[in-house]
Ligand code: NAD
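One chain comes next, on its own, written out as structure tokens in the form predicted alone.
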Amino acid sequence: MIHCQLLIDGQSVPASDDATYEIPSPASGEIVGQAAAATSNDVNRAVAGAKKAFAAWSTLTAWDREKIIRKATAHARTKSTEIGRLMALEQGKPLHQAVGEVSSSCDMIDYYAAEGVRIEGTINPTEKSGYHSWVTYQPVGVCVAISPWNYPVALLAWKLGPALAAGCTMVVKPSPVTPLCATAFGEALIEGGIPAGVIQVVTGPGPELGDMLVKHPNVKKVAMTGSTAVGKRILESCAPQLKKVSLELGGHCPAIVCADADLDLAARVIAYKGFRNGGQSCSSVNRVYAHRSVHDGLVSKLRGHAQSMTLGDGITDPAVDNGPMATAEARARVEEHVADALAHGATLICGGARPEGDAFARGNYYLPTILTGATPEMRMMREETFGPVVPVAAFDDPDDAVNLANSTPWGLVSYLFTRDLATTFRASEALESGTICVNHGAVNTPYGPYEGWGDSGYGLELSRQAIFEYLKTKHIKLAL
């Protein structure tokens, strides 16, 4: 049994009332951990500690912060196997993927440490010779990061990186599904030299904890990755205090496969983006529109990928392609969506069930699933399934495919497969998503801004632009 406590002012401490909750293994259902359930007193302590630490952290030079951050991430990398094992244990993804996530998260934080020294102001020409005008940027203050369970360290790093580099301090609220790895990551950074109080971690089940943090008067910025419904509630909660907010929310990402597409490439990318991590990614391919002339060939190749994927406990067999889904509730939603699609006339190509055998009996496993004959009235074509399911529909006119791709309120990522340059430009401009991937699935890169359009987000993450989400702008005008 692994015990996870709160991380307040650099110390691992129990909740003020000693309350805890249990963490089940998604692979076996057994209880593998116990985490502290923070109270309002604990929230107040964490925010107060972050506010106190902000006074010193924000006044360091960006060069000094960069040195400290790089030393901390170097130490965290030495703990990547240990933290990755916790992630695989509580979230379900294979160990090798979890370890890689921790390492890449350190790379992301380092990227922002380097960007911190490049926060540049401006000197403006003025209307009179006696005036001098310049613009500078200052950290917003104490920030809150509400991180999800699907990529519990990577999506935390997306927030920690720019916040720390900008000079902010942060109170982290991990998902109650994955508190172990997120807390361990915070501990590793502090062990590596991040000053006590700069990173605080409070854990606990239910929305009450997040609500206390979001509404706290000493919190000046909230960053969250999660569902659209929760994101809208956070905006409402922050509105009375006019806090800065950035939200990376749900997706319903379409892939358009044109008649001239490289089908081997398209099938490989769609299978990777549709099934990896059990389809539990905001940028997963949720629906495919394939030109009728290549529809059957694409489906055949997709089926080959789906049926060759290995499934199992990523702890005991770290090399498997997919582990269990993170929660029983997540798998139940997938089953509901598949049943709804079949009831509306979809054809099941493969999967569509839990795997058989004793090894899978107690875990949240679900086979990679492909459906054809997908139509707009099916729930999975209108709602985010967040599971290893790829529904496919045929199209004849490329303009129709773009219109179908734009037919939901989400606009996170769109995928396009074509060899034609004119089609690339026309479709990329017309698709209503913050990110367009043409002939690849490498969605998230440090240098590329990641902004959800419509119901998929508010503000942005990634790229050097994201650091300005944690800064206030100040114009100084001087008359001599």
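The first residue of the shown sequence is 1; numbering continues from there. Not measured: the values here are computed from a predicted model.
Omitted from view is the form predicted together with the ligand, to which the following refers.
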Quiz item: Would residue 38 count as touching the ligand in the predicted bound form under a 4.5 Å heavy atom rule?
Solution: no
Self-check item: Heavy atom of residue 175 within 4.5 Å of the ligand in the predicted bound form
Solution: yes
Quiz item: Any chance residue 150 has a heavy atom within 4.5 Å of the ligand in the predicted bound form?
Solution: yes
Quiz item: Is residue 146 one of the residues lying within 4.5 Å of the ligand in the predicted bound form, judged by heavy atom distances?
Solution: yes
Self-check item: Location of the ligand contact in the predicted bound form, chosen stretch of 211-219, 309-317, 264-272, 91-99 [non-hydrogen atom, 4.5 Å]
Solution: 211-219
Self-check item: in the predicted bound form, the residue from 233, 344, 379, 132 that sits within 4.5 Å of the ligand by heavy atoms
Solution: 233
Self-check item: Of 76, 155, 194, 201, the one that lies within 4.5 Å of the ligand in the predicted bound form (heavy atoms)
Solution: 155
Self-check item: Contact test, all of 111, 246 and 468, partner the ligand in the predicted bound form, heavy atom 4.5 Å
Solution: no
Quiz prompt | Stretch 220-236 - residues with a heavy atom within 4.5 Å of the ligand in the predicted bound form | solution = 224, 225, 226, 227, 230, 233, 234
